[in-house]
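Only one chain is given next, in structure tokens, and it is the form predicted alone.
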Amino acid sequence: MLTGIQVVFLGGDARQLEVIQKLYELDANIQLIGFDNLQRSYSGVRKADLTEEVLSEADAVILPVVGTDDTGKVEAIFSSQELRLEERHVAALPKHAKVYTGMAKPFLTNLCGKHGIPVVELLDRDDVAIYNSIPTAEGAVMIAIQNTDITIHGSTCTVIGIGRTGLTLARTLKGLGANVKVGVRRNEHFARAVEMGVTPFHTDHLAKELRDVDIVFNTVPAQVLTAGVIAQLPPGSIIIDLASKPGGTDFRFAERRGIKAMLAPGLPGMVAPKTAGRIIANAVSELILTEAKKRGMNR
């Protein structure tokens, strides 16, 4: 149990509701900042303003999946007011406190690092990333169906990158009957693709391998779909870029070329917020429980 542990939620979307529920069930003391328009109520859970006083009592601060933008702005869909994390807020945190988020931009890591506050990036954990790859794959398939006039079955799909998301997506497409090709850089990934029954190729040959493709899914957070590569795509093909912003596609050239290209990060929160929220809730509750045990505070 988390009796006596002070947890502050700072902004977020529908996924955070699952995390709040989980920590509420574990008897944490919870304060919500940026939830003034939230209709759901929890007995004993308080709504608060973003002040140094509130943060000075926190053992854990839970931010949205993308913690802040490059200026400290925090997404808060349950509030009509802008939330912005500033140095005075971080400076007010107790030295034992930790900040939990999905992924941290340099603004957040630098600010917390300056004051010795650890930032825990949940999406760096293999378990979280693998679980998250399931709604990501389903969302990517949904976008493909909505933006094509062909079935996934029998289509030629290319997945660039065979990391945690790419593996799940390639398996999902294969299961739907697509002809799946996978662009890889490492020999062990080439071997894994062969073992899965999909067709691997080295990304050095990307332009050549995309000449007959219907749908391209990119998972690589670097510009791999350059103008030279996009020029080889057949008319009517589409690009679905799943990498974090700004993605791995030259979107300007794709538009000029008449290729529909969509940047679609954060699909779990859009297509399955309850499932995605439970994934985060399980991970963050485990981490906070472990920290509480170290400090001898759990009951």
Ligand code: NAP
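As the structure is a prediction and not an experimental result, all values here were calculated from the model. Note that residue numbering follows the sequence shown and begins at 1.
Below: the form predicted in complex with this ligand, not depicted.
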From the list L26, V54, A272, A264, which entry has a heavy atom within 4.5 Å of this ligand in the predicted bound form?
-> A264
The one residue among I162, V198, A76, A178 placing a heavy atom within 4.5 Å of this ligand in the predicted bound form is I162
Would this ligand be touched by all three of I30, R40 and R46 in the predicted bound form, meaning a heavy atom each within 4.5 Å?
-> no
Can you pick the stretch from 253-261, 32-40, 237-245, 58-66 whose heavy atoms fall within 4.5 Å of this ligand in the predicted bound form?
-> 237-245
Could you confirm whether T136 comes within 4.5 Å of this ligand in the predicted bound form, counting heavy atoms only?
-> yes
Tell me, yes or no, whether I145 is in contact with this ligand in the predicted bound form, where a contact means a heavy atom of each within 4.5 Å.
-> no
Answer yes if any heavy atom of K98 is within 4.5 Å of a heavy atom of this ligand in the predicted bound form; otherwise answer no.
-> no
Closest heavy atom of G166 to this ligand in the predicted bound form, within 4.5 Å or not?
-> yes
Out of 204-231, which residues reach within 4.5 Å of this ligand in the predicted bound form, heavy atoms considered?
-> T219, V220, P221, A222, V224
